[in-house]
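In structure tokens, one chain follows: the form predicted alone.
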Amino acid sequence: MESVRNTELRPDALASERDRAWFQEARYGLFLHWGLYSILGRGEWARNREQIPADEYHTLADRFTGAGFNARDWAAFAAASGMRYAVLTTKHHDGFCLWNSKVCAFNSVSSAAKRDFVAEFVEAFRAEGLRVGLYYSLGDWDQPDWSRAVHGDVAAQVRFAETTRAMVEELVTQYGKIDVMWYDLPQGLSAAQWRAKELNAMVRQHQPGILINNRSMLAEDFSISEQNSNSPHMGRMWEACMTLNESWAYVDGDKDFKTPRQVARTLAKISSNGGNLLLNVGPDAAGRIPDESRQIVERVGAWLETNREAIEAKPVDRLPFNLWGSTLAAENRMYLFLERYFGSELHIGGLVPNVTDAKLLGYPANLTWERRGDQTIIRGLPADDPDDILTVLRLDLDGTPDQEISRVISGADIMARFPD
């Protein structure tokens, strides 16, 4: 096996602004956790949490047929739901690979399925015009060198880094253009022990313009916020990965699903903070997307057909928090996501430019507007919230969206308005 240390690598280079543009505009993607653990139906950590012996866990491969797996169906589902990219768990922590690996014999081609699911995934999502991301768990419960490495065995660290490099190299050389390398579980080793700098330089050598997340113990192109809609690092590209129910992988008994309204509100909040929502579903043992997941995501997709322009707008630092919810902007337009609906009138404090037009996206309403000092009042909204998912109000302005809420509550302003 080729040594990580002796390989000639071109200098590291983060993706260019042009290569990053699609990610910054995407806003919404599909995360797919699927593997042997889906047969058990108790989550992707079952092997570890239940301490299932290796030989027992390996027998699951004899039952892994992928009989219901249809990558074209997955891709059509994602595209119709308004998603712009998808990330597949090519290898989770259990060590089972969904591709035809020459390095790791514990793979889907050697299973009952005898299929390279990564190849099918990439081809199908590319055909739908979607960007493709590959999840790869750096940690690996199936390889003894992983455990030895994290417990300080230097020789094991070197061997494991070489194995990691070889497996990742298969992923970035066998399937054409890959847009995202999504690492996970780097805990236990430092960036130097992972040979992370050399690993990622190799990835970029084969995949110029690829985006790499920050889970190889290096910052790289974008940060991950797990199960949290707040930006983890200000000033960086970021993505929030979140489950649709309470589980990443398929768990038959987990019916605690987010509603379409919760998903849309989360998407609006993340977008207003400049991030992407990578929404996870866990296909069942056969590879089918569960009906409950499908119905929720498709409803959000129908909402996006009407409100896509608002989600694709830009966050603006000068728009502070407001009582109604999230706000985005595009040139001289503001999009107000009415997460809290206040009835037929909406009061906006401190809006600097003047409103020239107002419209509810997807709903006819004769709206009027009035400027009254530091208040802008929008009238004519329906008395009841017209959209049970999330209503969006678009305001056209005579200038760049800006609010000066702090100005009207400052001590100097109060003294000027209310002299003793």
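Quick caveat: nothing in here was measured; it's all calculated off a predicted structure. Start at 1 and count along the sequence shown; that's the residue number.
There is also a form predicted together with a small molecule; it is not shown, and the following applies to it.
In the predicted complex, no residue of the candidate spot (28, 84 and 309) has a heavy atom lying within 4.5 Å of the small molecule. Within this chain, residue 135 lines the site of the small molecule in the predicted complex, having a heavy atom no more than 4.5 Å away. With a 4.5 Å cutoff on heavy atoms, residue 45 counts as touching the small molecule in the predicted complex. Using a 4.5 Å cutoff between non-hydrogen atoms, residue 226 counts as a contact of the small molecule in the predicted complex. The small molecule is not drawn, but in the predicted complex it has no heavy atom within 4.5 Å of residue 204. With the partner omitted here, the residue from 115, 93, 131, 165 that has a non-hydrogen atom within 4.5 angstroms of the small molecule in the predicted complex is 93.
Out of the listed residues 336, 171, 241, 237, 241 is the one that sits within 4.5 Å of the small molecule in the predicted complex by at least one heavy atom.
Residues within 4.5 angstroms of the small molecule in the predicted complex, judged by any non-hydrogen atom, belong to 177-185 and to none of the other stretches in 69-77, 144-152, 177-185, 94-102.
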